[in-house]
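In structure tokens, the next block holds one chain alone, the form predicted alone.
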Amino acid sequence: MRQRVLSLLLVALLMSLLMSASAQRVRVEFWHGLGGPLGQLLETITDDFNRSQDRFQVNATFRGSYPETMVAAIAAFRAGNAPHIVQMFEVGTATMMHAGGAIVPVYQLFARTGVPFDPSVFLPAVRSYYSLPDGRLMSLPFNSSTAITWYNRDAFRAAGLNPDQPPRTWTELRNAARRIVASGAARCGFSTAWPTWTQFEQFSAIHNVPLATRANGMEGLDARLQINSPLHLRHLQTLMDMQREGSFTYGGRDGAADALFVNGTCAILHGSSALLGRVRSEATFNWGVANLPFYDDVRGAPINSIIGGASFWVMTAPGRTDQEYRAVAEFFRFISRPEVARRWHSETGFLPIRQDVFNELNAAGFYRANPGRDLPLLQLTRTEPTVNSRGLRLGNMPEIRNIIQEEVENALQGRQTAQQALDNAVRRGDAVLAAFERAHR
């Protein structure tokens, strides 16, 4: 009995010591917008950081989708209890850059804390997206992706199509989708996730046409939309015609259409390269990836695609201490290490945001053993970016995305023409841009 009492006392003492040590750690709240396997891996990496040292504790919490996380972070800042770190999708970049006292730019974070950090390790296309024109890094790149074509190799084979020759152009894609549906190889030929990202933002980039003036907002707050151009009109009309003939199925907003590919309903999908984890775990068919299609009569097309995904922003709050910012800086240094970037890329389909990681994996034969895994990066970097393919930095872009989706949906439902849809989207979107410009002039 005495031994048992002594054992219990020893266990209680150890637990008390552990709890005391944990309580002494500097705590950091980290809100992210990745659910499922991606979020689980991100939280595992965060736990790895916590175990790697005994000074800091980062608590990673899923706060819903990217837009929901953005809304929650803004509300928390206004209430005076913003998280230390928030994951913000790439179209929230302009909003965050002009958030004034709500954020601490990353370049200031490292200068302030004295934590060594070299931003040049990141891929230029990724680094520049989250930097000021002079190269100073505003947020930390982490999960960067681009849009690609996913296709069902089994459905292609069943339809008499060569699964080793996925469609390169929009003409080829439309013909393949028709044949798949007509043969019964799949109920749906083609769908698209993130409709504004894939069919307007990426589409504009690879065809070297502006999404908006002022270099898509990169060169000033007075940018205005240009998505009612002849090429954008032609493309929306093509989608409407494909829907009418049954070769295109609208799958909904944001990532809703991902499920239509993963469950085998649609044989071709335009979606994020980061869909890899879900495809690998849920798809019961052989699949492949390919570059986004292009109109082959557009001069110079295709050029590079643009990045998607998200980055990590440092937020402020009353009473936040130097030690808390030091904890954030140390966490950022940890998750930027080559071994973390390698694991994240290898397991998720997000880009290898460090050039040295890509070079190492390439030399080791990773891409030979995993065909197509280098395709997103090759598409992103296949040409030098132009003024139309560097990316976009438009204020309140999440709201503009919803406007475009609403107008496109009305066109697909036969409530208005393609021209009316795009004219309405430009008019409404420009009003949002003008309001953002007035607020941050």
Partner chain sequence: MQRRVVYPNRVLPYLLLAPQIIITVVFFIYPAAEAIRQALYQQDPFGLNAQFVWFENFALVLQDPHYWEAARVTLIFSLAVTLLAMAPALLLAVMADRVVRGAAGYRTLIVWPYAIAPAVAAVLWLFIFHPDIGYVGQGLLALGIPWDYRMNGAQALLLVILVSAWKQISYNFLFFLAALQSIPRSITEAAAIDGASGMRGFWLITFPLLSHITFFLLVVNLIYSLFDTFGVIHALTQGGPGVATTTLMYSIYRDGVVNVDLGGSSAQSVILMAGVILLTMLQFRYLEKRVHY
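Residue numbers count along the first chain shown, from 1. Treat the numbers as computed from the prediction; the structure is a model and nothing was measured.
Here the subject shifts to the form predicted in complex with its partner chain, a form of this protein not shown in this document.
J.: Heavy atoms within 4.5 Å of its partner chain in the predicted bound form: does residue 410 have any?
T.: Taking the distances in the predicted bound form, the answer for residue 410 is yes, it comes within 4.5 Å of its partner chain.
J.: With a 4.5 Å heavy atom cut-off, would you call residue 406 a contact of its partner chain in the predicted bound form?
T.: Residue 406: yes, in contact with its partner chain in the predicted bound form.
J.: Spell out, yes or no, whether the shortest heavy atom distance between residue 230 and its partner chain in the predicted bound form is within 4.5 Å.
T.: Close contact is absent here: in the predicted bound form, residue 230 is far from its partner chain, nothing within 4.5 Å, heavy atoms only.
J.: Indicate whether residue 243 is a 4.5 Å heavy atom neighbour of its partner chain in the predicted bound form.
T.: Yes.
J.: Judged by heavy atoms and a 4.5 Å cut-off, are 102, 253 and 315 together in contact with its partner chain in the predicted bound form?
T.: Answer is yes for this spot.
J.: Of 111, 71, 298, 158, which residue is found within 4.5 angstroms of its partner chain in the predicted bound form when only non-hydrogen atoms are counted?
T.: The option sitting close enough to the partner is 71.
J.: Given that its partner chain is left out here, which of 43, 374, 399, 29 has a heavy atom within 4.5 Å of it in the predicted bound form?
T.: Only one listed residue qualifies here, and that residue is 399.
J.: I need the one stretch from 133 to 141, 206 to 214, 359 to 367, 74 to 82 whose residues put non-hydrogen atoms within 4.5 angstroms of its partner chain in the predicted bound form.
T.: Heavy-atom contact with the partner occurs in 74 to 82.
J.: At a 4.5 angstroms cut-off on non-hydrogen atoms, which residues of 417 to 441 are near its partner chain in the predicted bound form? List them in order.
T.: Stretch hits, in order: 428, 438, 439, 440.
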